[in-house]
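This document opens with one chain alone, in structure tokens, the form predicted on its own.
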């Protein structure tokens, strides 16, 4: 019971952390709460959806599970890149013109961009949820087991051409080939726990890469300089617009990875997919300390665990409907953290000259 709660919480928390990194990086550079960040997450999830459904990367003739891993890798790369390019375009067209107009103008612009992208996605892809595709395990007809161990399909059909338990003798294989069917596939046995473990592993691998980018590269040093004092950085020859665009690119790239991870784990995607996870990720960034990269990771993981652990604890104490209030309890957790430490767990007080 406890292990399941922790795994569910850490898996969801890792996705929150992926999204929260974008919030905290953008805020750290230009003090903007980018409420459109959840829509970058959503667009990345849709690009991953089409990559898994249409590219056929899982049909590559390699030993398993390499085709499945390759299909997910291609989907994640395309999703992250699409989300990042959309973020750069949004920053150039929507945020840069109002950057000096004050925080309220920038905040209202971010909310407007969020609603615009949501409604654009509804017009392009429809309002309904779509089942998220999974790569298949492909076999040549001649390699099918004598007794089918699963339902097998071909790409062009929804229904199975071979049912689990069917006898696959020489005559049946010849009949399939006569229909022009050379290869068939079955859905892999990817468990939710396995997907959550993959997301956690991805976060563990990405964290040192992000640390290196921010702390050890020229671009990272420029980001930190702009964060400290944009005017002084400009006088030192740093291209502020380039640094801000790079920050949006990097933050949205990570969000695109989270989009594929979230939808692959929970099984569907829709135009409002990014709304609640994006809001929760913003909460995670605030809990960890908005502007702090380690804080975004810690806040995401803590919020994910709290979202599962608190209802489970309350159920044990006798509140049978605690899970129905799971989202509300996440906000209660935010309030408690901010009452104890208003700057967030790893945030630092900032003094402004007046």
Partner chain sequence: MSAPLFETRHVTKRYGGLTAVGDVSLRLDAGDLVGCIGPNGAGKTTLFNLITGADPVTSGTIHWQDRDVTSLCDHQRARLGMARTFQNIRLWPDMSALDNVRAVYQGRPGSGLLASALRLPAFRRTEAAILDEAERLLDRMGLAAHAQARAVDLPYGEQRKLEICRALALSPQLLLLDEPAAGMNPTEKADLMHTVKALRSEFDLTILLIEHDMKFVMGICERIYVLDHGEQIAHGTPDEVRADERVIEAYLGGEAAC
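In this text the structure is predicted, and so the values were computed from the model without any measurement. Positions refer to the first chain, counted from 1.
Same protein, other form: the form predicted in complex with the partner chain, not shown, and the subject of what follows.
Remark: all three candidate residues (235, 239 and 246) come within 4.5 Å of the partner chain in the predicted complex, counting heavy atoms only.
Of the candidates 143, 182, 149, 229, 229 is the one whose heavy atoms come within 4.5 Å of the partner chain in the predicted complex; the others do not. This chain lacks the partner; the member of 221, 192, 173, 92 within 4.5 angstroms of the partner chain in the predicted complex by a non-hydrogen atom is 221.
With the partner chain left out of view, the stretch that reaches within 4.5 Å of it through heavy atoms in the predicted complex is, among 163-171, 212-220, 260-268, 125-133, 212-220. Contact between residue 88 and the partner chain in the predicted complex is not found at the 4.5 Å heavy atom cutoff. Although the partner is absent here, residue 74 is not a contact residue: none of its heavy atoms lies within 4.5 angstroms of the partner chain in the predicted complex.
Residue 225 belongs to the set of residues with a heavy atom inside 4.5 Å of the partner chain in the predicted complex.
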